[in-house]
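One chain comes next, on its own, written as structure tokens: the form predicted alone.
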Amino acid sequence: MKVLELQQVSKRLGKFTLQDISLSIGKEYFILLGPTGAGKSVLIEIIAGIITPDTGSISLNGREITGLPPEKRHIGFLPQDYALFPHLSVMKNIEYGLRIKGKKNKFEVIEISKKLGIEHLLERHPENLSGGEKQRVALARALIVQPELLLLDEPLSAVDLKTKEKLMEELKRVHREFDVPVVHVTHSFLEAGILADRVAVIMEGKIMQIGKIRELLSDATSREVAEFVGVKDLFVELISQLE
């Protein structure tokens, strides 16, 4: 079943061009993997409705969303810096997603906070939170609106390795227990290997290859992909242990 479908999506930004992106993503944990400057964040912001594409179309569960503003897309978006409001408490930050939709429900905030293990943080402010705590708060804000799709832009880039391991398990649990498809942007093969059902390698604004991470490591379909994944041989053993 297709959840998200992109057809021939392009966007020119200065000297950079995102070129004819076509993707079909199901009810899965999907990772956009590529080096810095490849166009990963541009693509995810187009899906979120923050950037308008020059050409192409986007549909979500069969509904055309290309021209819709972000708040009407039924998409949860977790930006790279989490974008928490420093002057608001954790409770108010989480509740913000509901307010955009004209709702206000303290019970829902408490319930989702319990599911993510942050109910003890509700009266704190972002400046008093660790990186992992900030991520969980931002996740709660994105999930409280019951999105049809969850977008994560480099969600683990601001945490140390030990915290990253815990948060990867948390993201797997969120995907499973909230039953929400995920598109996750990263340059990390470790994240892709542990989290992804499928991976799309994006380089210089183009989708180069789509498949399981093991397939990309063992059967690259182009020289560019082979060179990109070739320096990551140490992950082959890791991926074999995961399956």
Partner chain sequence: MKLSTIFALLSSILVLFVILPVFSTFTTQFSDLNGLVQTFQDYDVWRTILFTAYAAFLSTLFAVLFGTPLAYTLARTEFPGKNVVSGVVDLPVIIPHVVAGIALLSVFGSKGMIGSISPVKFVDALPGIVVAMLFVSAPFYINTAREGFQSINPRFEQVARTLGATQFKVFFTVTIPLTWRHIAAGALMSWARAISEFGAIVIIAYYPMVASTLIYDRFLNSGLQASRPISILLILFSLSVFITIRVLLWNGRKNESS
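Positions refer to the first chain, counted from 1. Just so it is clear, the model here is predicted, and its values are computed rather than measured.
Another form, the form predicted in complex with its partner chain, is not on view; read the next lines as being about it.
Checklist entry - Just one of E169, E111, D160, E127 has a heavy atom within 4.5 Å of its partner chain in the predicted bound form. Which one? => result Contact residue from the list: E127.
Checklist entry - Can you pick the one in G26, P69, P35, G62 that has a heavy atom within 4.5 Å of its partner chain in the predicted bound form? => result Going through each option in turn, the one that passes is P69.
Item to check | Contact label in the predicted bound form: P86 to its partner chain, heavy atom within 4.5 Å | outcome: Yes - in the predicted bound form, heavy atoms of P86 and its partner chain come within 4.5 Å of each other.
Checklist entry - Quick one: is M208 in contact with its partner chain in the predicted bound form, heavy atoms, 4.5 Å cut-off? => result Because no heavy atom of M208 falls inside 4.5 Å of its partner chain in the predicted bound form, the answer is no.
Checklist entry - Taking heavy atoms and a 4.5 Å cut-off, does E215 contact its partner chain in the predicted bound form? => result Although its partner chain is absent here, E215 would stay clear of it in the predicted bound form, with no heavy atoms inside 4.5 Å.
Checklist entry - So, in the predicted bound form, is V180 in contact with its partner chain at a 4.5 angstroms heavy atom limit? => result V180 lies outside the contact set for its partner chain.
Next on the checklist: Check for me whether its partner chain, as it appears in the predicted bound form, comes within 4.5 angstroms of all of E45, I50 and G97 - heavy atoms only.
Outcome noted: Every residue of the candidate spot has a heavy atom within 4.5 Å of its partner chain in the predicted bound form.
Item to check | Heavy atom contacts to its partner chain in the predicted bound form at 4.5 Å, residues of 144-173 in sequence order | outcome: Heavy-atom contacts within 4.5 Å come from V145, D153.
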